[in-house]
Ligand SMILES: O=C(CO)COP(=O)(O)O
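Take a look at this one chain, the form predicted on its own, written out in structure tokens.
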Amino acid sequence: MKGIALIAHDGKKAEMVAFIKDHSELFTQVKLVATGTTGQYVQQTGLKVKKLLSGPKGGDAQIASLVAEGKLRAVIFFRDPLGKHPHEPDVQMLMRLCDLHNVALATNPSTARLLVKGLEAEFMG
């Protein structure tokens, strides 16, 4: 089964944890991968998650690679559009690869809720 990647910029990590808790029924049934620090936060919910490097140290690029390899079903990336991020080229590459490989990408809680509803319908009938 293809996994779901979770990424959150620093100012959005608490929001990601709340989102995961609100949709734990789905997230307990799928393979999760996350950038390093986001993964630490997600683990606090009790879920099993494979942690990669932190975003600025290459984690976004690692997730982009998983997208290109066809190993991910979706990416949920709570972005901070007002912050400056030194790894922005990696973020842009990840978003471009999601488009190129037709991988669902949610970049805020509203789109993530819609994405999760679709996945729940698919996984849970």
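Small disclaimer: the values here were computed from a predicted structure and weren't measured. Start at 1 with the first residue shown and count on from there.
If you look for the form predicted in complex with the named molecule, you will not find it shown, but the lines that follow are about it.
Q: Using 4.5 Å between non-hydrogen atoms, is Lys51 touching the named molecule in the model of the complex?
A: Looking in the model of the complex, residue contacts with the named molecule do not include Lys51, since no heavy atom lies within 4.5 Å.
Q: So in the model of the complex, does any heavy atom of Asp10 sit within 4.5 Å of the named molecule?
A: Yes, contact at 4.5 Å.
Q: Any chance Gln62 has a heavy atom within 4.5 Å of the named molecule in the model of the complex?
A: No, Gln62 stays farther than 4.5 Å from the named molecule in the model of the complex.
Q: Would His87 count as touching the named molecule in the model of the complex under a 4.5 Å heavy atom rule?
A: His87: yes, in contact with the named molecule in the model of the complex.
Q: Among 25 to 33, 53 to 61, 95 to 103, 68 to 76, which stretch has residues whose heavy atoms lie within 4.5 Å of the named molecule in the model of the complex?
A: Correct option: 53 to 61.
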